[in-house]
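Okay, here we've got a single chain as structure tokens, the form predicted on its own, with questions on binding and movement later.
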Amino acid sequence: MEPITIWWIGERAMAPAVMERVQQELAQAYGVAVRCAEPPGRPSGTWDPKRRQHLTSRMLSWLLQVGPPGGKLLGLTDQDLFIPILTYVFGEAQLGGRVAVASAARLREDLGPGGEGLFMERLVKESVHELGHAYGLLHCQVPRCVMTRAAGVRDVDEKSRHLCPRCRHRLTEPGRSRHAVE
């Protein structure tokens, strides 16, 4: 499998400990080298003034244009994301492609006890999930698999941060099928 690069493309600073945790968890989940790097800038042309959110398809296009050649690229942001048919999404990926984006914007909702630890866990799950799509995995029906759909943060909380055995096996199967929004 291809190595992963992570870029923080948000507006506000992200704690280095959070980025390190995402890096470690992705390396463990996919068994590949993962590095955090500085992006060449921030996405442009992604803001939709009517929705007051960023369009994920434009973010993915930007990542493809400016990203390093080879490997997978995950853009992490603190900006709220959408696709036209949904109110918001936690992220999106090119199914079986090179790029994915995940947003921390809504992952701080309803934190309650556990605060930063719960936020970090949610971001890890969404990062593993979106890169799963980039590696060609579809949404999974196995309860608690990280590849299950999540309509809200409570659904994210219910997931494990791990791929189920079926999804792990599918990573090595040729010709995986397609779908990639969450």
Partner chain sequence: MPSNERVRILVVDDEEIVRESLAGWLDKDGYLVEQAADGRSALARLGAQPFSILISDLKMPEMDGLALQAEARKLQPSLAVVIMTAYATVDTAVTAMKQGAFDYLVKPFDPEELSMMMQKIVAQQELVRENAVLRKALRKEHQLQDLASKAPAMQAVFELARTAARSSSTILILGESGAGKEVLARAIHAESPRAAGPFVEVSCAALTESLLESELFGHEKGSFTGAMARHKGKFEAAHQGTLFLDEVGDVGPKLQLDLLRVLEERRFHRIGGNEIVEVDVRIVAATNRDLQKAVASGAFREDLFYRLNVIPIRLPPLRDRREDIPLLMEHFLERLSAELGRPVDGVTPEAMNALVAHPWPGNVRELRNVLERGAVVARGPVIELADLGLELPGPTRGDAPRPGVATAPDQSLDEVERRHIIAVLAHTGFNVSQSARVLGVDRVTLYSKMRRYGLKRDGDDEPTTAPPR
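Quick caveat, the model's predicted, so the values are computed rather than measured. Numbering follows the first chain given and starts at 1.
What follows is about the form predicted in complex with its partner chain, which we do not show.
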{"item": "All of A15, Q28 and M120 within 4.5 Å of its partner chain in the predicted bound form, heavy atom check", "value": "no"}
{"item": "Sole residue of C36, C145, L138, V32 within 4.5 Å of its partner chain in the predicted bound form, by heavy atom", "value": "L138"}
{"item": "Listed residue that, although its partner chain is not shown, lies within 4.5 Å of it in the predicted bound form (heavy atoms), from G152, G45, G115, G70", "value": "G152"}
{"item": "Its partner chain contact in the predicted bound form: V89, any heavy atom under 4.5 Å", "value": "yes"}
{"item": "Heavy atom of R98 within 4.5 Å of its partner chain in the predicted bound form", "value": "no"}
{"item": "Contact label in the predicted bound form: K125 to its partner chain, heavy atom within 4.5 Å", "value": "no"}
{"item": "Contact label in the predicted bound form: L111 to its partner chain, heavy atom within 4.5 Å", "value": "no"}
{"item": "In the predicted bound form, residues of 56 to 83 near its partner chain [heavy atom within 4.5 Å]", "value": "D80, I83"}
